[in-house]
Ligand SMILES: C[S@@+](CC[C@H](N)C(=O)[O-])C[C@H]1O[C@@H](n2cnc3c(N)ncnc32)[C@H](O)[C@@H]1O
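Quick setup: one chain, the form predicted on its own, written in structure tokens, and binding and motion questions come after.
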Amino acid sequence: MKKQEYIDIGLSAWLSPSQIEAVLCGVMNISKEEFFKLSEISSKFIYEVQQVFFKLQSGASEEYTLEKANFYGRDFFVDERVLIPRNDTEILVKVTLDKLHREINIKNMWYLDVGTGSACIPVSIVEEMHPLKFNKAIALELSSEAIDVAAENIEKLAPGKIELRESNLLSAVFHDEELAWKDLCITANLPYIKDGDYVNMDSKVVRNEPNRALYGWAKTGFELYEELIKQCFQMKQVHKLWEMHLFIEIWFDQKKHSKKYLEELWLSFVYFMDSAKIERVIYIKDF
């Protein structure tokens, strides 16, 4: 079949050219460059392509349908067990990397990613740190289903570089004696949306993505971060840590509450904006 015939099928399903290209590249397992050079596509792919086009036309997520999401220049395996990596979270990675390269000495440092999901954050940070290297890197996740997804991505994209542990926030490292007298860097993109706050969310996200990865607590959505910060204070005392650096992503309406909370704890912190000029990332230190 002519490539244009496949494209016309996608257009008739009201899909965008970028969606059609992503589907065809995904089904054939080829790059965009290889796809561009094609003039014909084997008819053996027609059934699978039509099935994917139908799912997308019915409102299914492109990333879940293709089981692939691009984040910070890498393709991660994703399915309904984890949140789809988003461009906004790339700001969290960018800010963390900038501080690690410019301001923070990592010679004696452990790195933890809390609530790792697909492991897109720790994989991106560890792989982009070259030639710098952490003393140890650990991804922490409570959901056993998400752990399976994270394990696949770590094995494929950062083999042997990140340890994966089942953990409720920092519980799996809280009593790790090897952490004593170290520095610690933590990233976290925890569930931060107030329960039932559907009005501020994309309907496709509400319909398709796992609730446990989206919703924090009923009142502010910042409660999980408050618990994490309390554990950071406790960890510093227990392990006699020298320095702690925490990077977190928050919801668009949480600056006022988070600022008040952090000021009451006398912590040093800086906000960073996402692509929409909304302050969505906080760098916290001086625990």
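Sequential numbering from 1, following the sequence displayed. From a predicted model like this one, the values you see are computed outputs, not experimental measurements.
Another form exists, predicted in complex with the ligand; not displayed. Remarks below refer to it.
Residues of just one listed stretch (102-110, 118-126, 172-180, 150-158) have heavy atoms within 4.5 Å of the ligand in the predicted complex: 118-126.
The ligand is not shown here, and in the predicted complex it never comes within 4.5 Å of any heavy atom of residue 185. Using a 4.5 angstroms limit between non-hydrogen atoms, residue 189 touches the ligand in the predicted complex. The shortest heavy atom separation between residue 87 and the ligand in the predicted complex exceeds 4.5 Å. When the ligand is considered in the predicted complex, residue 135 lies well away from it, no heavy atom lying within 4.5 Å. Annotation: in the predicted complex, residues 83, 167 and 224 each come within 4.5 Å of the ligand through at least one heavy atom. Using a 4.5 Å cut-off on any heavy atom, none of the residues of 30-62 reaches the ligand in the predicted complex.
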